[in-house]
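Here's a solo chain for you in C-alpha cells, the form predicted alone.
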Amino acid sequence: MVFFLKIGGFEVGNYTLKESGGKKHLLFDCRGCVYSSSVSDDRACRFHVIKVLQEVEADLIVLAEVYERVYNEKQVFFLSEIARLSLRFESENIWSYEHLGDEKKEDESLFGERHNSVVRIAKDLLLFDPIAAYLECIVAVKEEKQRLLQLDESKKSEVYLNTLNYLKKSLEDTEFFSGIKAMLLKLKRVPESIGLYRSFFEVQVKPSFIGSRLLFERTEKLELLDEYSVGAASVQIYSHPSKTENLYFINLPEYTLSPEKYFILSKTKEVVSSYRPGRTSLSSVAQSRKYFERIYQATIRDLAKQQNLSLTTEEVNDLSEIVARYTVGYGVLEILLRDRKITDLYLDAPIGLKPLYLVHSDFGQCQTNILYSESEAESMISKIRAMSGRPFDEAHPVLDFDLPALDTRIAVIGEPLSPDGIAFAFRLHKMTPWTLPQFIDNNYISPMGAGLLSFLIDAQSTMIVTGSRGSGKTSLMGALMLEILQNQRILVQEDTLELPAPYMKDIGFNVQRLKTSAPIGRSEDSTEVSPADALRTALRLGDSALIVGEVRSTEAKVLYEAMRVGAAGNVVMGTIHGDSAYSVWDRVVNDLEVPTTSFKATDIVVVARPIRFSGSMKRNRRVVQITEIKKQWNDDPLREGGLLDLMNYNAKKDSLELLEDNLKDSDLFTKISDLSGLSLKQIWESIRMRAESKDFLVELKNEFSVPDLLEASYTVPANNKLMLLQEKQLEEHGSVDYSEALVQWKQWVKESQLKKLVALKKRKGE
C-alpha cells in the first residue's frame, strides 16, 4: 500500500511499507522530488524521513530514484530515536510557559525569546537538522549558566536552565546523540554538520533493479586473511576476533557506479525487460550470453548518446555485462558461483533475514556481506523452473538442478517442507576434475594409497567409495575414473550430474552418461528413468566400466547382482554415504536389502572423512581407510573377520599408512595373482611404480611451480605413457622391469610435459 505524507496541507512525498525477510522496509519514491534523496546531505529529505518515522516503524529505509539509497537497521534506529524524541517533547509541551521561567523572579519579556529558542531546538531543528539542534542546545545551556552567574540570588531562577538541561540530557540519552557527543570530544574543532551526518549515515547505493544489499562493517578490528579478484569484483576474507567463522566480503562493480551510469543501467534494464526467454533459450544461456551482451551494448550506446554521456568501449562492455548478469544471468549469485575457491553456498529461510554463507576451500565456512532478497529468490526459482521443466510448488517442494555453464548443482526447498519459505543450497564442482596427484599434493591421500587404488582399478576390482557429505568422495570417484585406461568404455550413471564425464570426453575418454530420476522431488508425470531401470539398461550396453554416482536405493540390488554374476565384465565403482567399511555393509544389507552373498562382490571399500586436528575448527579432508572385503564369512563381516584393512590413517602423522602385516591375509591379491599371472612381488612392484610416478609429478609441480602438471590433461597422458612403456617391455621381453619403466617414464615427463609448461610459464612472464 502506498501512503502520502502531508505537511501544512502539502503532499511532500509518498512511501510504501514492505516486509521482506522478516524486516520492514520503508520505501520512498523520490522520482520527481525537488530535494536530493540523501538523509546526510539534504535537510528536507531528513525532515521527511523523520516525520514518517513518527507514524510508522521500519527496519530499513530505501530512497528510490534512478538508483536506491539504502539505510541499514542501525541508521534507521538513529532516525527513529529522533522521531520518538520529537513526539515526546511535543506531548510534554516542553516549550510551554511553565518551562520557560519563574514569573515571580524574572521579567516575563524574556519568555518569548526562550519559547522561540526551545521550539527551535526541540521541534524545528530537531526534525530538520538534529545535530544543529544539539549544538544549539549546548550553547544555550552555557549562555544561561553565564547569565545566572551575573544575577543576584533573589532574581535567579533555574527553571529555564533546567528545561535546557532536560533537553540536553534527553538528547544525550539516545545512541545517536551520545555518539555525536563522543565524536565531538575527540575533535579539536566542531566540523560542518554535513560531515558528521555522513559519518553516521553512510549510505549504500545500488541499482534499483538489484534487490541484494552489500553489508560492510568497520575493518579496523578485523585481520585480513586473503584478498583476490573474481572478474571485476574484489574479495577480502577477514577473521573476526569474536566469531568462529571468517568473513567473506565481496565488492561488486555495480554498487560503485556514478549516478549517470546508474541511469543508463536502469534505462537499459527497462528496455530489455520486455524480453522473456522461454525454456529453449534459457537452456542455451551459456551459449547466448555474448549475443545478449551485444544487444545490450547497442542499447547502452544509444541511451548514452541521448543523454550526451561519453562512454568508452570498455565502459560500455562493463555495463552490458552487468545488465546481462541481472537479466539472462543469475544476479549477484553469479559472481560467487564463479569463485571456484568456494565449494558450497547456502541461503537459509527466511530469505533476507541474515546474510548468505559459504564454504571456502581455504578458509572453511564464511559469513558473507550479501543480504539476498525475496524478489531475487523468486526470480531465480522462475529461471530454474523454466530451464528444468520441473514443478516447484506445495505439492513439489523440492527442486534439484544443475546450473548451465557454472558447474554448480542447486537444491531448492520450499513450503511446506521449509515452513519459513524458500531456501537454497549450491554445490560448486571443480571446473576440472581432481586427480590423484592433486590429492597427494593436498595430503588427501598418500602416494602409496594412490598407487594401490590405481592398480586395483587396472585389475578390474569392484570398489565402493564412502564418506560423509563434504568428505570428498565424489571428487575422489572422479579422480579414480581418470585411472581407467582410455581403451576402455565407461558408463556413468547419476541422478545428479557431478562426475566429470564431459571433461573426460574432451581429453579422449569413451564415456556415456545415463541421467536418472532424483530420489526426491520427482513429479508423477516425470519422464526420467529410475536408477534401477537405467542400471539394467547399462548392463545391456556392452562391455564397459560401470560407475554409479551414488548408490541410494533399489538400484543397489541390481548393481550387486550384476557384480556377483560378472555381468558388468569390468571395473565397477560407486559411492555411498557411510563412515567405515562396516557401515557400508550395514547400509547395503540392512537398509537397501541386498543379500550378504551379493555384497561380497565388493572387493574394496575406500573411506574418506573430514578430520579436525587437535580439536581445531578447520576440517581437513582425508582418505582414512582402504579395506578389502574378504569372502569367507557368512553373517557379520566384523565379527567373522570379513574386513581386512590394507591401509589406515594415522592422525598423529597425518598419513595414510600401509598395514604390511595384514597383506599376507589378503584374498584379493591372491585372486589378482591367479588371474593375471603376476607374482605378489610383481604386484607390489607395480603398485610402488604407480605410487612413485604420481609422487614424482607432485615433486616437479612444486619444484618448478607448474600446477597444470597435476591437471587431468597432463596426468592422463602421463598415465597412458607409463602403461605403454610397460606394454612395450612385455612385448619385447615377456616381463616388466618396473624400475626401468619408471626411469624411462620420468625422462619422458621432463622432456614432453615439464619443458612445455616451463616454456609457457616464461612466455606469460610468471
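Heads up: residue numbers just count along the shown sequence, starting at 1. This one's a predicted model, so the numbers in the text were calculated from it and none came from an experiment.
Below, we turn to the form predicted in complex with a small molecule, even though it does not appear here.
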{"property": "Touches the small molecule in the predicted complex: Glu498 (any heavy atom, 4.5 Å)", "result": "yes"}
{"property": "4.5 angstroms heavy atom contact with the small molecule in the predicted complex for Arg621", "result": "yes"}
{"property": "Non-hydrogen atom contact Phe292 with the small molecule in the predicted complex at 4.5 angstroms", "result": "no"}
{"property": "In the predicted complex, Arg114 touching the small molecule (heavy atom, 4.5 Å)", "result": "no"}
{"property": "Contact stretch among 388-396, 425-433, 142-150, 81-89 - heavy atom within 4.5 Å of the small molecule in the predicted complex", "result": "425-433"}
{"property": "Of Gly470, Gly231, Pro595, Pro253, the one that lies within 4.5 Å of the small molecule in the predicted complex (heavy atoms)", "result": "Gly470"}
{"property": "Listed residue that, although the small molecule is not shown, lies within 4.5 Å of it in the predicted complex (heavy atoms), from Thr602, Gln493, Ser475, Thr268", "result": "Ser475"}
